[in-house]
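First comes one chain, alone, set out as C-alpha cells in the form predicted on its own.
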Amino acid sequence: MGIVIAVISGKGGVGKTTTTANIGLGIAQNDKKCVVVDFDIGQRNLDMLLGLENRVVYDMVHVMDDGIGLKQALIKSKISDNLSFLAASQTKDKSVLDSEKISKLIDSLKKDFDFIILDAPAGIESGYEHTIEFADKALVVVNPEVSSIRDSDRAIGILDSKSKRVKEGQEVDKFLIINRINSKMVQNGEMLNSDDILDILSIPLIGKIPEDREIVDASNQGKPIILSQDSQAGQAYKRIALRVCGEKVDFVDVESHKESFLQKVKGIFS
C-alpha cells in the first residue's frame, strides 16, 4: 500500500506547489511509482508546473461524483512513466469535497502507487482539512520569515488534531522544508536561519532550498527545476526526494555566503 504525503504550508506563495511538482518527479526518478494530486479546487496550478495543462480532460471531482474511472482521469508525465497526475477541478469550489469520497479515492490510489503526494490549498479552511485528513506524513514548506512560520505552526496544529491517524491514536510524521533561502541575507542577519526555524516548529528537517531565479522560468516552461543539473535548487529537491524514499543523504550547507571573484571586483567599483 502506498504512502500518503500531504504538502502543506499554512499560507500561499511559499513554493508549496513547486515543491510538490519537483519532489513528485524526484521520487519517480528514483524508480518509485508516484502520483501527485492537486487539492486546490478552483485554482489548480500543479498541471502547469508539470507541463500537463493541455492534457487535462477529467479531474478528481469527475472521478468522485460523475463515475469517471480513475485510470481515465490520471495523466502520465511526459518526463517519467513512473509519475502520474490527478487534476483539481477548476469549475467547482471546495464544498464539493467529502470525506467518504476522498477516502475511497485515496484508497484506490494507494493500491497502484508507492507514493501519493497531495498538494494542499493555501490557508487552513475545509480544503486544507480534507487534504490532511488521510495523510500518513506531511511535508511542511516554509519561507524564512515570521509570517510563514506562524501560519505553518497553525497548519501543523490542525494536522495534529484533525487527521484520521491522530484520531486513531497514531501520529502523522512531519518534516520541514525551508524554501527560498538567501544565503547573503542569512549571513547578514536579515533572514531567519534554519536553527531558529527548527527551534520554533520543533519538527525534523528534510531539506533546505536556496533561492533560485531559474525556478520561475522553469515553472513557466512546465519543466520542474529538478531536471536542471546546474541548479542548486534542483539538486536540493533531488536530495529531498531521496530522503522521502528512505535513503540517507547528507545535508548541504546552503546558508553560507561565499562571494565569487567577480562579485568582489564589482564590490570594489560599486
Partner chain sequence: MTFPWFGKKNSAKTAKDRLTIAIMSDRSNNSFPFLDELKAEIIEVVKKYIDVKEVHIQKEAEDGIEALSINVELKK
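The structure presented is a predicted model; accordingly, all values stated were derived computationally and were not measured. Numbering follows the first chain given and starts at 1.
This next part talks about the form predicted together with its partner chain, which is not shown.
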item: Contact stretch among 74 to 82, 188 to 196, 111 to 119, 172 to 180 - heavy atom within 4.5 Å of its partner chain in the model of the complex; value: 188 to 196
item: Partner contact for Ile149 in the model of the complex: its partner chain, 4.5 angstroms, heavy atom; value: yes
item: Its partner chain contact in the model of the complex: Val61, any heavy atom under 4.5 Å; value: no
item: Residue contact check: Leu52 to its partner chain in the model of the complex, 4.5 Å heavy atom; value: no
item: Non-hydrogen atom contact Leu201 with its partner chain in the model of the complex at 4.5 angstroms; value: yes
item: Interface residue in the model of the complex among Lys92, Lys104, Lys164, Arg154, criterion: non-hydrogen atom within 4.5 angstroms of its partner chain; value: Arg154
